[in-house]
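Heads up, the chain below is alone and in the form predicted alone; it's given as structure tokens.
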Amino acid sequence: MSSSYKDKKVITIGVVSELTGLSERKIRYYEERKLVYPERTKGGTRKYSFLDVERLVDIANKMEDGMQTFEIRRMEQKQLKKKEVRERMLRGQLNAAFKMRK
């Protein structure tokens, strides 16, 4: 199995709205602000994953705490960059250790 059930984009916007308590309009707004990325069916229906649902709840909580969408996006970009740097460092350490054993 290549991905977790949480990654599968199978939930419609109406169900996401019920699960999160957010209006469909608010969910579409977060998509416009590039905070969530639903897939689209051939007919144009948005499909979300369970991870998207968790992410939307987190975004809504941050917005309630007074954060702006651009601040949330910037914070997430920083976290992603840190994760990428950590992964590169780990790969470098593994490569160095592997080469030393040869």
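From 1 onward, residues are counted along the sequence shown. Since the structure is predicted, the reported quantities are computational estimates derived from the model, not experimental observations.
Below, we turn to the form predicted together with the DNA, even though it does not appear here.
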Even though the DNA is not shown here, does residue 46 get within 4.5 Å of it in the model of the complex, heavy atoms only?
yes
Residue 29 within 4.5 Å of the DNA in the model of the complex, heavy atoms
yes
Just checking whether residue 57 would be counted as a contact of the DNA in the model of the complex - the rule being heavy atoms within 4.5 angstroms.
no
Does the DNA get within 4.5 angstroms of any non-hydrogen atom of residue 86 in the model of the complex?
no
At 4.5 Å, heavy atom to heavy atom, what parts of 58-75 sit next to the DNA in the model of the complex? List them in sequence order, or say none.
63, 68, 69
